[in-house]
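So this one's two forms of a single chain, laid out as structure tokens and tagged structure 1 and structure 2.
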Structure 1
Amino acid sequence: MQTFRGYQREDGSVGIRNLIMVIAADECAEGIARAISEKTPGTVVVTNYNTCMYGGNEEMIGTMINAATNPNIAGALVINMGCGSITPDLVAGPIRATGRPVETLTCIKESGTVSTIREGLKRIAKIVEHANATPMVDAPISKLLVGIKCGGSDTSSGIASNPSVGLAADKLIDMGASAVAGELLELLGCEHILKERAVTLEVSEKINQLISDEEKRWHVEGTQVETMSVGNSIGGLTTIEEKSLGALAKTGTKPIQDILRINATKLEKPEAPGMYMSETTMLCGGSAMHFAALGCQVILWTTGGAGFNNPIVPVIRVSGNSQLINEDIDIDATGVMRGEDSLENVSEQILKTLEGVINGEKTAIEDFGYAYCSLIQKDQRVERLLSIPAE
């Protein structure tokens, strides 16, 4: 797997899908965006669900803008109602700067909802034309960034699916591709391993700082926020370190180049090939949008039987749980749990499926149903109260 056949973007990136994003820059434009998208195949709606104000919503808007510059996205239509402070150009400007075609519409300047939908359909047709003319190229594997995440974890995750994905991640890095994981709370207790894997002391310190910040957000005195359930323990997990170790296994063993920040002021992206950690959330819907914003073309997802799916970044699902596995799952790792299959063999199956998906083959449930494109917004006020540094 030295190359993949993809869509050449103006900014040099290469997508494995050729989609158009319809952005509702404020919540009032959601219905207009959806009406346009429903009549236009190959489009994805992303909505700012949280007011029309910019101050305090910078992180979410940043994720939205960066997701629109994902290699799988050919161009965007940005719509707002027009009475808030998030102008379409504020969102469209950085997307346009990557060379992608972007159209903007403001409902109150277009004589209302029906007119905006009508005009939006005309404008998006121009973007579709541009997208359809995108040249296909054989891209080097170094252009590939793979997101790695677990969701709906159980006993089988730490033993079968996570180590299989970890092994596949190691092989991808050896081939010259890049991968990125996140879920920092589930790395509590793994700091000593991460320290050995960090390429520099600076990266190691940054990892510790960001894990500690995440711990502060979740462990707030007087609140009942779970990090490890009775169910986890009945399933065989004895300590938080054991749970974390299972989660860490999906990141393989390669050196960690950096831990990428996602906050109100920045969204860091990989600068050289290799394995990365990030502030990608452990919450499923939001994590896929973080991966989209970081530039991942595809996600490897370990689970019991959860059919997690995202419309921008295809998701390859891996399960080792024979009681939960179903038609949504792309890779069957249950043989490892029966002692009949090896991690090596499952990792090869993962790479084979990945090779197909990055060359245009559909995943098990691509085009059928997707999670909502949740956008994570950490509350600046809470961050300040918890003494978490803002920059």
Structure 2
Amino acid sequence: MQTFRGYQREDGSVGIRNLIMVIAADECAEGIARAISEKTPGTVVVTNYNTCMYGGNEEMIGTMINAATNPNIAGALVINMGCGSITPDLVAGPIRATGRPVETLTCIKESGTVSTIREGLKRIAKIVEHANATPMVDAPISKLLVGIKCGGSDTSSGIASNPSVGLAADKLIDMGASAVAGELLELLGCEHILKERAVTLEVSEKINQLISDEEKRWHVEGTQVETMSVGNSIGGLTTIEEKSLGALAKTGTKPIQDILRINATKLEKPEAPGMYMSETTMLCGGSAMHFAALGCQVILWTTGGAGFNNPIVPVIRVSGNSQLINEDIDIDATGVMRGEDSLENVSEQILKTLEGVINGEKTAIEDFGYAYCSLIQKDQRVERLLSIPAE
């Protein structure tokens, strides 16, 4: 796997899908965005359900903007109601700077919902025309960025699916591609192993600091916040540290080039091929949007038996749980648990499926089941109270 067939973007990136994003910059514009999307095939709605105010919500808006510059996105229509501080141009400007066509609409200025929908359909038609004219190219594998995530983890995750994905990730890095993982809370107790893989002392210290920061956010004295799901425990995992050792396996063994920050002041992206860690959340829906914002074209997702989807970034699912595996799963790793298959063989299956998906094949449930594009962020007030620096 040295090349893949994709859509050439003007910023130099190459997408494996050719989608248009319809952005509701505030939740009041949600209905308008969905009405336009429902009449326009090949579109994805991303809604800010949190607020119409920009101050204090820079991280969330940054994720939204960067997701719209994902290689799988050809252009965007940005809509707001018109009475908040998150203006369409604030969102559209950085997207437009990448060479993607962007149209904006404000409901109040368009004299209401019906007229805004009518005008939106006219404007999005221009973006569709541009997307349909996007040239396809044979891109080098160095243009590929793969997100790596686990969820619904159980005993089989750490023994079968995670190590298989980790081995596949190592092979991808050797080919010249890039991969990025996150879920820093689920790496507690593994800091020393990750630091040994860091390419520089600075990256090593950054790994330690960002995992420590995430622990502060989730383990606040006097509160009772779940950091492991009921499904994790039923599946045989007893502590976050035990879960971490399994989660670590999905990151492979290659040197870690950097740990990418996602906060109110910046969203760092890979600058060269290789393996990366990141502040991508452990929460599945939000993690997909973080991966989209980082520039991933596809996600490898390991699980015991659960599943999640994302309409921007296709999700390839790997499971080793013979009791829960179903038709949603793309890669069957149950043979490893039975001692009938090897990690090597499953990793090759993963790469074969990945090659198909990045060349246009659909994942098991890519066209089935709706998935919200969840936008989450860290509360800047809590960050200050916990003495966690924004830089």
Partner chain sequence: MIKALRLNAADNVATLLEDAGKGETVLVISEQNETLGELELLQAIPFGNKVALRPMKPEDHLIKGGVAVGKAIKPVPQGQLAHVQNIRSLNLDIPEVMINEIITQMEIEVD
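Rigid core here is just the name for the largest C-alpha set that superposes within 1.5 Å across the two forms. Every residue number counts along structure 1's sequence, beginning with 1. Quantities reported herein were computed from a predicted structural model and do not represent experimental measurements.
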Shown alone, the chain in the form predicted in complex with the partner chain appears as structure 1
Requested in this report: Using a rigid core alignment, state whether the CA of residue 233 is displaced by 2 Å or more between structure 1 and structure 2.
Outcome: yes
